[in-house]
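Only one chain comes next, encoded as structure tokens, the form predicted on its own.
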């Protein structure tokens, strides 16, 4: 089978590249092993949240100009322009967001912290300035027996910021079956139960009973709307008082929603999905990748003019390590290990920036991969598989994913 472009990996970076290329009229195929790290997402996308010392960044565009030479943002033609394109791409997929590139805002974490971020999905609780809380009194409303919304931590974090917090709880009889086992009382299962308009109305009534008066804001766990934002937005409107969602511990309903809606957009544009499969071999001739073989398409070679590697970092198994090396398992492309031996891959203090987090695939100035020291002219890499950035310490994952994907799409289209 022959395509214009084959993308290896179905997370945020792969889907972004796939949508951008399909919108440009390209015949695109995407090979995805299954769930992506979006299932662990917060409902927000980070651009650059912290400096090298761990201090929050208020003006990300200014800070991006000062990143070290190894950071992937240095390979982008125009960060500001690409960020605007990324926001518009999400909107065309039906994913409405708040935020912009000029100023970070702050999201509330599941354990009560505040983290700077770039874009947040509509309906998520955000704060413009962490030093000026917009609420005096908050109702923190959980679903009875739902353990992945740690209200004690959340309340403590908000109280430390001077907010008065009351913790409330509601439920519906329809959730009783899930409540019989803590392992079943998960966000994704709750979302599947509360699907009908009738149940959303009932839940809104229960929330209003316990938090309908006397609060500046009602904060709820983000457990509605697996496939689109209609249900989650409907609940906020029906409560009839100011209300917003806070991300829960994984699995993340907003993250699953984002993945689902991006996939739907990709296929609506004519993109081809090979899901539940993974690339096992690349067929190279000189410095060109001719085709790839996968685990499930026995005897079939997927051919394309260009290929994009978007398989993620260690968590997504786009990178692997043994006692001697860090390597890329699908195509065997070169990895930039920063010249470190194993003893210095990690630091003892877990709060320190871990060197292994900056390891990744080595690319040229156009984000083309290298293999045995030679640039592969038609193989690009995007997203967290790239070297030179630390998404945990610098809070740059969403920006690296989307902006490098858009840059590579532009490089291919040109």
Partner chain sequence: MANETQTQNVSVNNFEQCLKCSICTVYCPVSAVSPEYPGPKQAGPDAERYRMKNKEFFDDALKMCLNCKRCEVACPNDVHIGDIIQAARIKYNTHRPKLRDMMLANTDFVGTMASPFAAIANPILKLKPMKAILHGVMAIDKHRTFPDYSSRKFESWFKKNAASEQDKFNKHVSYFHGCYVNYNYPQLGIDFVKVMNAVGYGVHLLEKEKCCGVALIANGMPKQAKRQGEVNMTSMRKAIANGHQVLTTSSTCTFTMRDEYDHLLGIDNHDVRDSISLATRFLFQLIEKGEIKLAFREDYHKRVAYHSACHMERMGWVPYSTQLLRMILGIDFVMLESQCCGISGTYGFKKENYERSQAIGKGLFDQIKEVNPDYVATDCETCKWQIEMSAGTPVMNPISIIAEALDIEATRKLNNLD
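Everything numeric in this text was worked out from a predicted model, so none of it was measured. Numbering follows the first chain given and starts at 1.
Not on display, but discussed next: the form predicted in complex with its partner chain.
J.: Might residue 169 be said to contact its partner chain in the predicted bound form, defining contact as any heavy atom within 4.5 Å?
T.: Close contact is absent here: in the predicted bound form, residue 169 is far from its partner chain, nothing within 4.5 Å, heavy atoms only.
J.: Examine residue 306 and determine whether its closest non-hydrogen atom to its partner chain in the predicted bound form is within 4.5 angstroms.
T.: Because no heavy atom of residue 306 falls inside 4.5 Å of its partner chain in the predicted bound form, the answer is no.
J.: Just to confirm, residue 387 within 4.5 Å of its partner chain in the predicted bound form by heavy atoms?
T.: It does not: once its partner chain is placed as it appears in the predicted bound form, residue 387 has no heavy atom within 4.5 Å of it.
J.: Heavy atom to heavy atom, is residue 192 within 4.5 Å of its partner chain in the predicted bound form?
T.: It does: once its partner chain is placed as it appears in the predicted bound form, residue 192 has a heavy atom within 4.5 Å of it.
J.: Which of these stretches, 76 to 84, 296 to 304, 125 to 133, 96 to 104, has heavy atoms within 4.5 Å of its partner chain in the predicted bound form?
T.: It is 296 to 304 that comes within 4.5 Å of the partner.
J.: Only one of 230, 160, 184, 216 comes within 4.5 Å of its partner chain in the predicted bound form by heavy atoms, so just point that one out.
T.: The option sitting close enough to the partner is 184.
J.: Please pick, from 208, 284, 274, 149, the one residue with any non-hydrogen atom lying within 4.5 angstroms of its partner chain in the predicted bound form.
T.: Looking at the other structure, the residue within range turns out to be 274.
J.: For the stretch 320 to 337, which residues lie within 4.5 Å of its partner chain in the predicted bound form by non-hydrogen atom distance?
T.: Sequence-ordered list: 321, 322, 323, 324.
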